[in-house]
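Next up: the same protein chain in two forms, each one alone, written as structure tokens (structure 1, then structure 2).
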Structure 1
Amino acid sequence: MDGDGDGQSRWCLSQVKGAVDDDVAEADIISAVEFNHSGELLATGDRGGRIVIFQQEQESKNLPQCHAEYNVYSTFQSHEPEFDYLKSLEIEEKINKIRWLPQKNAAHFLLSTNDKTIKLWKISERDKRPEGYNLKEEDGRYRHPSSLTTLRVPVFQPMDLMVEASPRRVYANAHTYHINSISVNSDNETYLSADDLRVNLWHLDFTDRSFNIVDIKPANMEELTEVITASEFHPLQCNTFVYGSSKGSVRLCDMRASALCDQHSKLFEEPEDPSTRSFFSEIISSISDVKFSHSGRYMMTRDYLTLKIWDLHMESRPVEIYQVHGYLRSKLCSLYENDCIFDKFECCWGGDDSEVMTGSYNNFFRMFDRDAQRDATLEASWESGSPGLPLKTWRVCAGSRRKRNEIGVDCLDFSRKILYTSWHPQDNIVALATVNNLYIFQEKLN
């Protein structure tokens, strides 16, 4: 698969959020990015436990050339640092995942989680306030009953728009290990949460109990050979979910078969080539993300070097394999020493499932067009181009002689990486995070 021959892509920079500063505070580093189901709202979470929600400008929806204009809608503190006194462990406030619930009324709801606690947040607007109380002054002080001589009917008066974020549920004390995934079910009543060894099923209305549906913890922890790394519900079938493991396999489970899904219905695993076996084989085969296509027919998995598309009807091998950064295979030793080999990259589907996207190093992100069999390497940076101008495509090469728009493997900056990505569900708008910056790109309109 080759990139665009003219060195330009059909994508252009729309917006960059966040300060340009080499000295970035740890709390400001973005750790989650997620569009809601309409694409009108875009939420980001950071290591400081904060969630910032951006709203698409209504005017920009009618102007195709700037329909990716997002501005801050609400900011709130989702999680605070905690301390587990039983285990003498600090629980950091970092937001691991954000998942939106489908909108049912004027308010929006989202789930957010850190390592241990999941919270359900309600995001609502208020543009009126009650006035004319009988027992209260306008400043809030209570009146003495003896001073009441008339009876007033309170009325609602217009006020400046206020966006409120309020916690509606807190789901705690269900995970011994760090939560790596949450996924809302298609029934819109339940959701799952997964940690290293267990997957739990929750009902949104009940915080005091959850049901353990997968448990891979061995009786003797010395026999532990793999852990759960990612999990997701099927978008259409409320009884079906998958979970990926550190050994590179993905298991599909059907909750109709049994209450505890210890026996999977399908196992998606690619046979390992003995000739390529090395010390790093198991590390780089670990599943960092798994996502169903919107149609529910396909499933995408991301490991360290590749992106794989699986047909749910065929377990033996993936139907498509995309090399994200295969040129790093010769650098695995140094990547192991600087811990980059353990980075967990997310992936996402385009709105019509014809394209997929994932991140890489040097602030590069990779776009794969499944229908046209084309791919592109694009860069998220302040210098990547003025808003509205097409992004140039890059090519990473191993040799010393380089052409225009080429960069050598040894010149890549491994501290600049794109781990978190999200694709607008209806339009060709993508959001991705690198350190403390949120980049929004949109399709270039002719």
Structure 2
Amino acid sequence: MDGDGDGQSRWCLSQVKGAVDDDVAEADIISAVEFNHSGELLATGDRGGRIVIFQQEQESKNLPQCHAEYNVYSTFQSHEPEFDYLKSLEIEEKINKIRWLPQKNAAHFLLSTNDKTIKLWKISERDKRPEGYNLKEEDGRYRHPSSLTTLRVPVFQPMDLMVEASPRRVYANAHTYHINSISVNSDNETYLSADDLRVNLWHLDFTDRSFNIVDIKPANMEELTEVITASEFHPLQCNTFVYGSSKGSVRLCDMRASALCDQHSKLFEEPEDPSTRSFFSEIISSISDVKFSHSGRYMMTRDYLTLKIWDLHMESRPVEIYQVHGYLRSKLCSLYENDCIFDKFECCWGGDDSEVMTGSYNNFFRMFDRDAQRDATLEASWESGSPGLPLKTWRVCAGSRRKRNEIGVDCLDFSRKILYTSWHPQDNIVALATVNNLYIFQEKLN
């Protein structure tokens, strides 16, 4: 279903974060984007191991045309590069995933992970500090003992808001392979982490132990045929989780069935069409992301060319299939040559599950309206109109372009890709990352 829109979409550019020059430091490349459960906070992680949290301004109700802006709230170094000298290998500090915990008190908690280590961060505000110590001046210097003549009680004085980020837990040394997913359980006590061959279950309070709940490593490695690529807990049922594989199948597991969930409860796999089989079939069927709908009834999978919506009650085939960039099907050979065929795109649901979106190349992203069965191709570019103006939709054509909103498939820039996306949990605000910029789009309200 590759139709084009009517030229204009409901979406408009709200903000762009990051440097605009072309010379990008690798550490600035964004590698994770995630709204929190209220949508007030937006966290991004980058290859340098940093996390930047943006906060939505509160005093926006008087501007009916747009939602509030996001501004930097906190920034901290989450992970640092490490060196495994036993294997002479570097462990990158790149943030692979960020997941927020539901908020229970004034502080915010999030899990961030690199290839090997997961950390629980507490982000809290401080707007008061004690002043009037007896032994120290305000800047920390010690007062001369002879100047102490009276005793006073320190009092709390207001100060500029300060946001503290402190690591509360470090969950390490549980994964032999590289962690690709983390997912917080609905019970708010446990979470899972998945690498290529194993899925581990952690309790948030315990860092020295984790339970292995899925292990697909065969006794004989020659028999290995697929790896785990993504995993997520069900949003409502604390015993259910899914994991996707590099062969295009998704397995749903019930932790009540057994301690080790190697045997799946459901297997979601679309039978392959033998007529379209090619050398690349298996590679492009690899699941790059799996996301439950907010309702918990559906599940969305992203493979290289399509988005598939599955009804959890039907394993045989997806209920909806959306072509993200079907025009690439004839280009798979060159995409294999430049390794783009291995790109792992994320996908996300809109707040009411009626829309889904995912990224593509040339800084395009795709919006699919499930109810109206319409889709749109939009571009994330800081030249694409001033904030507030609706974005124009694009169309990719096989040959050379004929109209203004068209672009030929051979003109696409495959180095500019949108892999990481997140949708506000309630409002129609999406955040996505190009290579080093964070774009925030919102729906026009009037």
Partner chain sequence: MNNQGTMSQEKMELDLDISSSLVQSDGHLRRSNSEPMINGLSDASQVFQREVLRSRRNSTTVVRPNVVPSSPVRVPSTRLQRIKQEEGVDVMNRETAHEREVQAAMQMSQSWEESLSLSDNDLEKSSSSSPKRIDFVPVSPAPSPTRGIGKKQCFSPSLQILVSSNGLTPSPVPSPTRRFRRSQSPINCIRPSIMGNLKRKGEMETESQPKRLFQGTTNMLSTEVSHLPELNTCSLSPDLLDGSLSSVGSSSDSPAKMEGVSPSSSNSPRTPLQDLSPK
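Quick note, the numbers are simply positions in structure 1, starting from 1. Here the structure is a predicted model, which is why all the values come from computation and not from measurement. Heads up, when I say rigid core I mean the largest set of C-alphas that superpose within 1.5 Å between the two forms.
>> Which number belongs to the form predicted in complex with its partner chain, 1 or 2?
In response: Here the form predicted in complex with its partner chain corresponds to structure 2.
>> If the two forms are fitted on the core, does residue 218 show a Cα displacement reaching 2 angstroms between the two structures?
In response: No, the C-alpha moves less than 2 Å.
> Rigid core fitted, is the C-alpha displacement of residue 133 between the two structures 2 Å or more?
Replying inline: Result for residue 133: yes, a 2 Å-plus shift.
>> Is residue 145 displaced by at least 2 Å at its C-alpha between the two structures when the rigid core is overlaid?
In response: Residue 145: C-alpha displaced by 2 Å or more between the two structures.
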